[in-house]
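Only one chain is given next, in structure tokens, and it is the form predicted on its own.
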């Protein structure tokens, strides 16, 4: 009886192994604030074609970097610069050769409620507050200072700055009229209806260093199937189309 039973049992178990569906995985993705609206749409597209899921948190690139260094549970980091992902990779906190540029950000000077804005408005000085992201934390703040310097408007804007932790806060300062105008991400404005957006001006690309935004798989996500699947999806034609529609460049 035993000789007859064992083959049957092995076959039965084998059938169970073959037909058991793969278990979906979950990845934690930390993203720079400027990319939050874009990743919300990418997340929908990714999860529609995958069994995996992602959990998204956002914040300034500098703060997310500090949290990762201090052990925050993050599998994938989408920064607003190249430097922080490069440091993580060099320090062994990220998967080697997983870093790539997923978007190139564009800066915009925004003044809601106006028909036109631009360098002349900054030079005129008829405003109390100009909002920019903190250059120590956010690449969009660095870019804003570069534009102001390129326009030779350091003196005209002196004493008028109000600093946001990231471009999300800058956007909020301007939208709530705590600052008359500010340098935000173009992507933030393109999500708004034209009739409520007001005036904006996009500085020429040679007025500031390209805001190349790099993604990297962190050491925590090295064996996470969802993390790898999401990063591959981020490189796909479908994701690139979404990224470009939100006003970013791609490589």
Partner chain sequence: MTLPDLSALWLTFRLAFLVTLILLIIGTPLAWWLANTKTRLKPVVEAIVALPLVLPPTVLGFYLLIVFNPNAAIGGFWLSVTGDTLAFSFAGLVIASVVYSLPFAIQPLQSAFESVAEGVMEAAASLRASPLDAFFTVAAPLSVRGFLTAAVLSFAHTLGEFGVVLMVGGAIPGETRVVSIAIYEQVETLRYGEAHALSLILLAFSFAVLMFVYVFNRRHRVHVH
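Everything quoted here is computed from the prediction, not taken from an experiment. Positions refer to the first chain, counted from 1. Here, rigid core means the biggest group of C-alpha atoms that superpose within 1.5 Å across both forms.
There is also a form predicted in complex with the partner chain; it is not shown, and the following applies to it.
- In terms of contact with the partner chain in the predicted complex, the residue from 156, 104, 151, 162 that brings a heavy atom within 4.5 Å is 162.
- This chain is displayed alone, yet in the predicted complex one of 178, 146, 82, 98 has a heavy atom within 4.5 Å of the partner chain; that residue is 178.
- Just one listed stretch, out of 114-122, 72-80, 136-144, 89-97, contacts the partner chain in the predicted complex at the 4.5 Å heavy atom level, and that stretch is 136-144.
- Within this chain, residue 197 is remote from the site of the partner chain in the predicted complex, having no heavy atom within 4.5 Å.
- The partner chain is not shown here, but in the predicted complex it comes within 4.5 Å of a heavy atom of residue 63.
- Once the rigid core is used as the reference frame, the Cα position of residue 128 differs between this form and the one not shown by 2 Å or more.
- Residue displacement note: residue 92 has its CA displaced by under 2 Å between this form and the one not shown (rigid core superposed).
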